[in-house]
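Before any questions on how it binds or moves, here is one chain, the form predicted alone, in structure tokens.
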Amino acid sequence: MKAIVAIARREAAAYFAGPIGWICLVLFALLAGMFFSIMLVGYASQASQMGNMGQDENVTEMLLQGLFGNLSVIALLMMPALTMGLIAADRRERSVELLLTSPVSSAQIVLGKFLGALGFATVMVLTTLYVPVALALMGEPDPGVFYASYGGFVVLMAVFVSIGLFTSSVTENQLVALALGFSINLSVWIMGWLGQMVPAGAVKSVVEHLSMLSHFEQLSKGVVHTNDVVYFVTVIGFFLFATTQRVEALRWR
């Protein structure tokens, strides 16, 4: 456990020591503020015309869900850049050999890097904590929706981190890892759109179930289903397992 924590701290600290981490953090915070401001102005304008300012359902539906819907696309684009060097950079610099020859298992290496990157991603999410404060001042929205939305978004970030960690383990070239990570993220994300074009039947059900977008939309609405939880746990577990096997293969080269 100490080895995992040490690796996680090293990876999280590395984001704050380099430009990429700060650029992504500031850019994410600015975009979140911009999206929230635009939606807030739109909501205030519509509410003043309809005379329903402060209604809980409207606050949650028009602001919170819309914000995380936009930020999920930003995360899809940004997370491959944050994860591309998790293992690829160590391989290029030959520092991965120090880890592989140390008394640390491949699973511990993978979990440490995963938790370090996820910790930084969580810091990015925490830059939006002004949103529930602002909405609470406007009305009394359901706190359960807040918890589900924020929790669901952190889980989504965990999925992107696990995918990026895997793509970073298959190559020494960070740009290749970036391209692979983005391709996988986008493929799983748009699968729900493809499901809408498939005729009703077993194939349509399978495609929709594999879509990350459909599962995330349920969580962002404050609806937590067992199949959504199982989906995200399975995806994260699969890519962490695949990464562990890849790191283990590097150990025996």
Partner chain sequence: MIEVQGLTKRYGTNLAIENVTFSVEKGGVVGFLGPNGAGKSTTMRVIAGSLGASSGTAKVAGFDVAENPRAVQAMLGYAPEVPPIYTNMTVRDYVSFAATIKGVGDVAKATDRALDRVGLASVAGKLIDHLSKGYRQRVGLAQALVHDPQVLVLDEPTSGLDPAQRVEIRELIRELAAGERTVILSTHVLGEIEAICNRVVVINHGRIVVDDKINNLAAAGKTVRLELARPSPAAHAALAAVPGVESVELTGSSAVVRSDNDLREQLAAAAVPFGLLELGGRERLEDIYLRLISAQGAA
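From a predicted model like this one, the values you see are computed outputs, not experimental measurements. Numbering follows the first chain given and starts at 1.
Below: the form predicted in complex with its partner chain, not depicted.
Among Ser183, Thr122, Ser105, Asn173, the residue placing a heavy atom within 4.5 Å of its partner chain in the model of the complex is Ser105.
Residues with any non-hydrogen atom within 4.5 angstroms of its partner chain in the model of the complex fall in just one of 126-134, 92-100, 72-80, 158-166: 92-100.
Although the partner is absent here, Arg251 sits close enough that one of its heavy atoms falls within 4.5 Å of its partner chain in the model of the complex.
For the chain shown alone, Ala14 is a contact residue for its partner chain in the model of the complex, at least one non-hydrogen atom being within 4.5 angstroms. Of all the residues from 1-36, those having a non-hydrogen atom no more than 4.5 Å from its partner chain in the model of the complex are Lys2, Ala3, Ala6, Ile7, Arg10, Ala14, Ala17.
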